[in-house]
Ligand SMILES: Nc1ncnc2c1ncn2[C@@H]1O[C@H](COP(=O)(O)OP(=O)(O)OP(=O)(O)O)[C@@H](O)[C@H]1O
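Let's start with one chain on its own, the form predicted alone, as structure tokens.
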Amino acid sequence: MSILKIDNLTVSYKNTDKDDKATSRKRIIENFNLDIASGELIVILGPSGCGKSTLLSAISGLIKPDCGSIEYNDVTLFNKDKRISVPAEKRNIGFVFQSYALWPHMTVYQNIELPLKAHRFSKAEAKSAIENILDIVHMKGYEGRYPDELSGGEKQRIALARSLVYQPSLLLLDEPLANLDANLKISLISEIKDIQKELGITTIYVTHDQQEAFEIADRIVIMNEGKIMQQGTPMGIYKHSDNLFVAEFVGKNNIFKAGDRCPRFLKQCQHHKAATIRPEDIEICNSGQHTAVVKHLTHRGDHIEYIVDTEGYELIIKASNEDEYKVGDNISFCIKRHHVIL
């Protein structure tokens, strides 16, 4: 059952030409439709400027869409035709920003207490709620510290605690880990997922980082130029791209487009717009039907990535690091046919 329903949402911004000062509107999101189930963690994934953050701002009420509707739990938050636009502070939505947005002159306790004051919690209720959420985000004992005394990861935990302390019905996270180093990201991704499932809160997580998206999402929605290009489970999207944009955007891929001379090992691509093969679906083997020459190789820790030349085409092959080939070596390879996507 859908708990959040977005229908035909369109959002545009004023766009002023500096030369003639003419004002037009630039569409950021166009005819956007999305249903999200209760307790689901949806990741909106896409390149910079595709409308991800704008979507969160529209859902939260920070900006007003041009048309369409947003309903949450059978309550209309926005409907252009019915002239309904619930103010942001009355939508009961938690929002975690990339910049943390913590007040530097306030302690951790005071920062988390702010939304509780707005929701008219008593001092006793606020104290209990803050103690509970600090325990959940593993920050108990930090109540008296100031933001400049915290690490990046600690600041993000406090920002998350502040957004969850009043028990919002929906949580929005806008590039929450963008300012953190790789090792800390890995730790916090797991923590955010655990907290989200423990609280059972419906969550929309925006990122351009594919690794984050694939590690944390129940479902991924891929956006480009304000539109949904594909949605599905992480593995479903990786293995079965619906279109060329997704095939090129998600992970590494060997792509053969229409109009290209088709290699002999991909005769079936001649009558399609494109064919794609993931690097791990090409196997280097002594009995392989096809041959190639190694042009470049890169060690990736648990595997080696080869770029090889075959029939004048470059192929990326992901192979184990047990047998290392050198640049200039001849290799044989075979393709797992059922993994060629047309």
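Model, not experiment: these values are computed from the prediction. One-based numbering along the sequence shown.
There is also a form predicted together with the named molecule; it is not shown, and the following applies to it.
Heavy atoms within 4.5 Å of the named molecule in the predicted complex map, among the stretches 311-319, 51-59, 280-288, 298-306, onto 51-59 alone. Checking 71, 175, 154, 218 against the named molecule in the predicted complex, a heavy atom within 4.5 Å turns up for just one residue: 175. Residue in contact with the named molecule in the predicted complex (any heavy atom within 4.5 Å), chosen from 98, 253, 210, 231: 98. The shortest heavy atom separation between residue 47 and the named molecule in the predicted complex is within 4.5 Å.
When the named molecule is considered in the predicted complex, residue 14 lines it closely, a heavy atom lying within 4.5 Å.
Of the heavy atoms in residue 28, some are within 4.5 Å of the named molecule in the predicted complex.
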